[in-house]
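So this first bit is one chain, no partners, the form predicted alone, shown in C-alpha coordinates.
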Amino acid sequence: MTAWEWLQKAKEEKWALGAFNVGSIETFKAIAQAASKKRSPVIIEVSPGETSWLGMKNVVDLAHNFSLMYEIPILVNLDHAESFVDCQQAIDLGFDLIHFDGSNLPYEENLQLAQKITELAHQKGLVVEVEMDHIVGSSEVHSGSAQEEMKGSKFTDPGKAREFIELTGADVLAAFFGNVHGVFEEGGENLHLAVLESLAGILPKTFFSLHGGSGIPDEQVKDAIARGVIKVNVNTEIRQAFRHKLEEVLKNNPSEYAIYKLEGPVVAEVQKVVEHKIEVFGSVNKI
(Lines give C-alpha, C1' and ligand atoms only; values in the text may rest on other atoms or scores of the structure.)
Protein backbone atom coordinates (compact mmCIF):
# COMPACT_ATOMS: atom_id res chain seq x y z
CA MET A 1 0.00 0.00 0.00
CA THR A 2 1.11 3.56 -0.70
CA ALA A 3 1.34 6.24 1.97
CA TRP A 4 -1.86 7.84 0.67
CA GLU A 5 -3.69 4.50 0.84
CA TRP A 6 -2.58 3.96 4.45
CA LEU A 7 -3.71 7.46 5.40
CA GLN A 8 -7.05 6.96 3.69
CA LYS A 9 -7.53 3.62 5.47
CA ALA A 10 -6.81 5.30 8.81
CA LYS A 11 -9.25 8.11 7.99
CA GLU A 12 -12.06 5.72 7.05
CA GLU A 13 -11.51 3.49 10.09
CA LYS A 14 -10.80 6.37 12.54
CA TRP A 15 -7.35 5.45 13.76
CA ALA A 16 -3.95 7.11 13.28
CA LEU A 17 -0.48 6.21 12.08
CA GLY A 18 2.30 6.88 14.53
CA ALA A 19 5.07 9.04 13.05
CA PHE A 20 8.17 8.43 15.16
CA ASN A 21 11.41 10.37 14.81
CA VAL A 22 14.67 8.48 14.61
CA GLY A 23 18.07 9.81 15.61
CA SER A 24 20.03 6.56 15.72
CA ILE A 25 19.90 2.91 14.66
CA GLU A 26 18.79 2.05 18.20
CA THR A 27 15.62 4.12 17.93
CA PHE A 28 15.07 2.66 14.46
CA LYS A 29 15.27 -0.84 15.91
CA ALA A 30 12.98 -0.04 18.83
CA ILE A 31 10.28 1.41 16.57
CA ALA A 32 10.46 -1.49 14.12
CA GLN A 33 10.27 -4.07 16.92
CA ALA A 34 7.29 -2.31 18.48
CA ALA A 35 5.49 -2.19 15.14
CA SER A 36 6.23 -5.85 14.54
CA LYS A 37 4.94 -6.88 17.96
CA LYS A 38 1.75 -4.83 17.57
CA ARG A 39 1.34 -5.68 13.85
CA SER A 40 1.05 -2.01 13.07
CA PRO A 41 2.17 0.15 10.15
CA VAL A 42 4.46 2.99 11.21
CA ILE A 43 5.98 6.14 9.83
CA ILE A 44 9.68 6.71 10.41
CA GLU A 45 10.59 10.36 10.15
CA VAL A 46 13.63 12.59 10.28
CA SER A 47 13.81 16.31 10.99
CA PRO A 48 16.61 18.50 9.54
CA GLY A 49 18.92 17.79 12.50
CA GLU A 50 18.31 14.04 12.35
CA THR A 51 18.68 14.05 8.57
CA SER A 52 22.07 15.74 8.76
CA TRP A 53 23.20 13.15 11.32
CA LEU A 54 21.95 9.98 9.63
CA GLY A 55 21.85 10.98 5.96
CA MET A 56 18.69 10.84 3.83
CA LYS A 57 19.75 7.82 1.77
CA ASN A 58 20.71 5.87 4.90
CA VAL A 59 17.26 6.52 6.40
CA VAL A 60 15.51 5.16 3.31
CA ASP A 61 17.78 2.11 3.19
CA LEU A 62 17.44 1.35 6.90
CA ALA A 63 13.66 1.63 6.70
CA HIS A 64 13.63 -0.76 3.74
CA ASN A 65 15.88 -3.25 5.55
CA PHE A 66 13.88 -3.17 8.79
CA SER A 67 10.65 -3.47 6.81
CA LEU A 68 11.91 -6.69 5.22
CA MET A 69 13.43 -7.98 8.44
CA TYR A 70 10.25 -7.58 10.52
CA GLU A 71 7.75 -8.00 7.67
CA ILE A 72 5.97 -4.73 8.41
CA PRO A 73 5.15 -1.63 6.34
CA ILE A 74 7.44 1.27 7.23
CA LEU A 75 6.75 4.60 5.54
CA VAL A 76 9.45 7.28 5.49
CA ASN A 77 8.64 10.94 6.14
CA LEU A 78 10.79 14.05 5.79
CA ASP A 79 9.77 16.02 8.87
CA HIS A 80 9.76 19.84 9.00
CA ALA A 81 11.86 20.36 5.88
CA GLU A 82 12.27 24.07 5.37
CA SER A 83 13.77 24.25 1.86
CA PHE A 84 12.80 23.23 -1.65
CA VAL A 85 16.20 21.57 -2.12
CA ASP A 86 15.74 19.24 0.86
CA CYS A 87 12.25 18.29 -0.30
CA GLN A 88 13.46 17.64 -3.84
CA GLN A 89 16.29 15.44 -2.57
CA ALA A 90 13.90 13.40 -0.40
CA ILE A 91 11.52 12.97 -3.35
CA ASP A 92 14.38 11.72 -5.53
CA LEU A 93 15.69 9.35 -2.84
CA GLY A 94 12.39 7.53 -2.28
CA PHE A 95 10.74 9.10 0.77
CA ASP A 96 7.01 8.32 0.97
CA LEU A 97 5.86 11.55 2.61
CA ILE A 98 7.24 15.07 2.39
CA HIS A 99 6.45 17.60 5.11
CA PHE A 100 7.31 21.08 3.88
CA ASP A 101 7.32 23.53 6.76
CA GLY A 102 7.23 27.05 5.39
CA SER A 103 5.47 28.43 8.46
CA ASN A 104 8.32 30.84 9.25
CA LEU A 105 8.15 32.34 5.75
CA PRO A 106 5.82 35.09 4.54
CA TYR A 107 2.46 33.58 3.56
CA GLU A 108 2.88 34.06 -0.21
CA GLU A 109 6.37 32.54 -0.25
CA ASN A 110 5.19 29.57 1.80
CA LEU A 111 2.27 29.12 -0.59
CA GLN A 112 4.40 29.28 -3.75
CA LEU A 113 7.00 26.82 -2.48
CA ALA A 114 4.29 24.44 -1.23
CA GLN A 115 2.70 24.51 -4.68
CA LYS A 116 6.01 23.61 -6.38
CA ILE A 117 6.83 20.84 -3.91
CA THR A 118 3.33 19.35 -4.09
CA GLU A 119 3.41 19.29 -7.88
CA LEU A 120 6.83 17.61 -7.90
CA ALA A 121 5.92 15.04 -5.25
CA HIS A 122 2.56 14.18 -6.79
CA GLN A 123 4.33 13.31 -10.05
CA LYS A 124 5.79 10.36 -8.13
CA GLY A 125 2.62 9.57 -6.20
CA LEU A 126 3.98 10.84 -2.89
CA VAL A 127 2.08 12.47 -0.02
CA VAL A 128 2.73 16.12 0.84
CA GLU A 129 2.13 17.72 4.24
CA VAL A 130 2.14 21.49 4.65
CA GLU A 131 2.34 23.78 7.65
CA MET A 132 0.69 27.18 7.46
CA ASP A 133 0.89 28.28 11.11
CA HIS A 134 4.11 27.76 13.03
CA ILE A 135 3.71 25.08 15.70
CA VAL A 136 5.73 26.40 18.62
CA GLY A 137 8.13 24.59 20.91
CA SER A 138 10.88 22.10 20.12
CA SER A 139 11.40 18.37 20.70
CA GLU A 140 13.02 18.82 24.10
CA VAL A 141 12.05 18.86 27.78
CA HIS A 142 11.07 22.43 28.70
CA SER A 143 10.71 24.18 32.01
CA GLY A 144 7.49 26.08 32.39
CA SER A 145 4.17 25.14 30.82
CA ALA A 146 2.83 24.58 27.33
CA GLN A 147 0.36 27.41 27.89
CA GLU A 148 3.23 29.84 28.41
CA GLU A 149 4.94 28.55 25.27
CA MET A 150 1.80 29.20 23.22
CA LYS A 151 1.22 32.70 24.55
CA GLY A 152 0.81 35.10 21.63
CA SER A 153 0.37 32.34 19.02
CA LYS A 154 -2.72 31.93 16.87
CA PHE A 155 -4.45 28.66 16.11
CA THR A 156 -5.03 27.59 12.52
CA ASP A 157 -7.83 29.57 10.91
CA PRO A 158 -10.23 27.27 8.99
CA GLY A 159 -10.88 29.77 6.20
CA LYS A 160 -7.19 30.41 5.56
CA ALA A 161 -6.49 26.69 5.80
CA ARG A 162 -9.05 25.94 3.11
CA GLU A 163 -7.50 28.53 0.81
CA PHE A 164 -4.00 27.17 1.43
CA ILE A 165 -4.98 23.55 0.77
CA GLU A 166 -7.03 24.40 -2.31
CA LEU A 167 -4.23 26.48 -3.84
CA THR A 168 -1.41 24.04 -3.05
CA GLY A 169 -3.20 20.73 -3.59
CA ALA A 170 -1.40 19.31 -0.53
CA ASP A 171 -2.69 16.14 1.12
CA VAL A 172 -2.00 16.70 4.83
CA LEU A 173 -2.27 19.79 7.02
CA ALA A 174 -0.11 20.17 10.10
CA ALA A 175 -2.72 22.03 12.10
CA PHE A 176 -2.09 24.08 15.23
CA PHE A 177 -4.86 23.73 17.81
CA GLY A 178 -3.07 23.63 21.15
CA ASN A 179 -0.43 21.05 20.26
CA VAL A 180 3.09 22.17 21.16
CA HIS A 181 6.41 20.48 20.38
CA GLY A 182 8.15 19.05 23.43
CA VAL A 183 7.33 17.98 26.97
CA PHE A 184 6.76 20.61 29.66
CA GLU A 185 7.72 20.18 33.31
CA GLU A 186 4.64 22.13 34.42
CA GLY A 187 2.34 20.40 31.94
CA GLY A 188 -0.35 22.44 30.24
CA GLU A 189 -0.57 20.36 27.07
CA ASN A 190 -4.20 20.79 26.09
CA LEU A 191 -5.86 20.36 22.69
CA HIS A 192 -8.58 22.75 21.56
CA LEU A 193 -10.74 20.18 19.80
CA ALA A 194 -13.32 22.71 18.62
CA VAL A 195 -10.67 24.19 16.33
CA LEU A 196 -9.92 20.75 14.90
CA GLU A 197 -13.63 20.09 14.38
CA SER A 198 -13.96 23.33 12.43
CA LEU A 199 -10.97 22.45 10.26
CA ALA A 200 -12.24 18.94 9.56
CA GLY A 201 -15.67 20.32 8.71
CA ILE A 202 -14.37 22.81 6.17
CA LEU A 203 -11.76 20.41 4.70
CA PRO A 204 -13.47 16.99 4.70
CA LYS A 205 -11.04 15.42 2.18
CA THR A 206 -7.87 16.64 3.88
CA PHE A 207 -5.76 14.51 6.21
CA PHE A 208 -4.77 16.13 9.52
CA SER A 209 -1.58 15.53 11.46
CA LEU A 210 -0.99 16.17 15.15
CA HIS A 211 2.50 17.48 15.82
CA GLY A 212 3.82 17.64 19.35
CA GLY A 213 2.25 14.32 20.29
CA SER A 214 4.54 13.91 23.31
CA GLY A 215 3.03 14.87 26.65
CA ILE A 216 -0.57 15.19 25.49
CA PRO A 217 -2.95 13.07 27.64
CA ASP A 218 -3.92 9.82 25.91
CA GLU A 219 -7.65 10.54 26.04
CA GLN A 220 -7.18 13.87 24.29
CA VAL A 221 -5.16 12.20 21.55
CA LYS A 222 -7.93 9.63 21.09
CA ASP A 223 -10.49 12.43 20.91
CA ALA A 224 -8.42 14.19 18.25
CA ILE A 225 -8.23 10.97 16.21
CA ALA A 226 -12.00 10.58 16.46
CA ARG A 227 -12.29 14.10 15.00
CA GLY A 228 -10.03 13.57 12.00
CA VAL A 229 -6.35 13.29 12.98
CA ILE A 230 -4.75 10.38 11.08
CA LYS A 231 -1.04 10.98 11.83
CA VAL A 232 0.48 11.68 15.25
CA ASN A 233 4.11 12.79 15.58
CA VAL A 234 6.14 11.62 18.57
CA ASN A 235 9.74 12.57 19.29
CA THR A 236 10.44 13.99 22.76
CA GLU A 237 9.11 11.00 24.72
CA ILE A 238 11.38 8.77 22.65
CA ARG A 239 14.37 10.98 23.41
CA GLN A 240 13.48 11.00 27.10
CA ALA A 241 13.21 7.23 27.34
CA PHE A 242 16.46 6.77 25.43
CA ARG A 243 18.50 9.19 27.52
CA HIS A 244 17.16 8.23 30.95
CA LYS A 245 17.65 4.51 30.37
CA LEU A 246 21.10 5.00 28.86
CA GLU A 247 22.21 7.04 31.88
CA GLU A 248 20.93 4.29 34.18
CA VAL A 249 22.63 1.51 32.22
CA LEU A 250 25.97 3.35 32.08
CA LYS A 251 25.84 4.04 35.81
CA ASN A 252 25.12 0.39 36.61
CA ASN A 253 27.76 -1.01 34.24
CA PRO A 254 30.89 1.12 34.71
CA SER A 255 33.23 -1.58 33.36
CA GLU A 256 31.32 -2.45 30.18
CA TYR A 257 32.60 -0.97 26.90
CA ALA A 258 30.78 -3.08 24.30
CA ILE A 259 28.10 -0.68 23.12
CA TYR A 260 25.80 -3.39 21.79
CA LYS A 261 25.70 -4.95 25.27
CA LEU A 262 24.71 -1.62 26.82
CA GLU A 263 22.09 -0.68 24.27
CA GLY A 264 19.72 -3.65 24.69
CA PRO A 265 17.84 -2.22 27.69
CA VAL A 266 17.77 1.20 26.03
CA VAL A 267 16.11 -0.20 22.90
CA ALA A 268 13.62 -2.07 25.09
CA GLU A 269 12.69 1.12 26.96
CA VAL A 270 12.07 3.08 23.76
CA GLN A 271 10.10 0.14 22.39
CA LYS A 272 7.74 0.34 25.39
CA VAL A 273 6.98 3.99 24.58
CA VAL A 274 6.26 3.20 20.94
CA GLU A 275 4.08 0.20 21.77
CA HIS A 276 1.98 2.33 24.11
CA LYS A 277 1.57 5.05 21.49
CA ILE A 278 0.51 2.48 18.88
CA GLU A 279 -2.18 1.26 21.27
CA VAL A 280 -3.41 4.82 21.88
CA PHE A 281 -3.47 5.56 18.14
CA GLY A 282 -5.57 2.46 17.46
CA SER A 283 -3.25 1.00 14.80
CA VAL A 284 -2.75 -2.39 16.48
CA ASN A 285 -3.32 -5.32 14.07
CA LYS A 286 -3.93 -3.04 11.07
CA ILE A 287 -1.39 -4.88 8.89
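Model, not experiment: these values are computed from the prediction. Numbers follow the displayed sequence, beginning with 1.
FYI, the form predicted together with a small molecule isn't displayed, but the following is about it.
Contact with the small molecule in the predicted complex, defined as a heavy atom within 4.5 Å, holds for exactly one of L196, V127, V180, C87, namely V180. The small molecule is not drawn, but in the predicted complex it has no heavy atom within 4.5 Å of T27. Mapping the unseen interface onto this chain, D171 falls outside it, with no heavy atom inside 4.5 Å of the small molecule in the predicted complex.
The small molecule is not drawn, but in the predicted complex it has no heavy atom within 4.5 Å of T118.
The closest non-hydrogen atom of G213 lies within 4.5 Å of the small molecule in the predicted complex. Considering the small molecule in the predicted complex, the lone stretch of 252-260, 219-227, 235-243, 62-70 in range is 235-243 [heavy atom distance within 4.5 Å].
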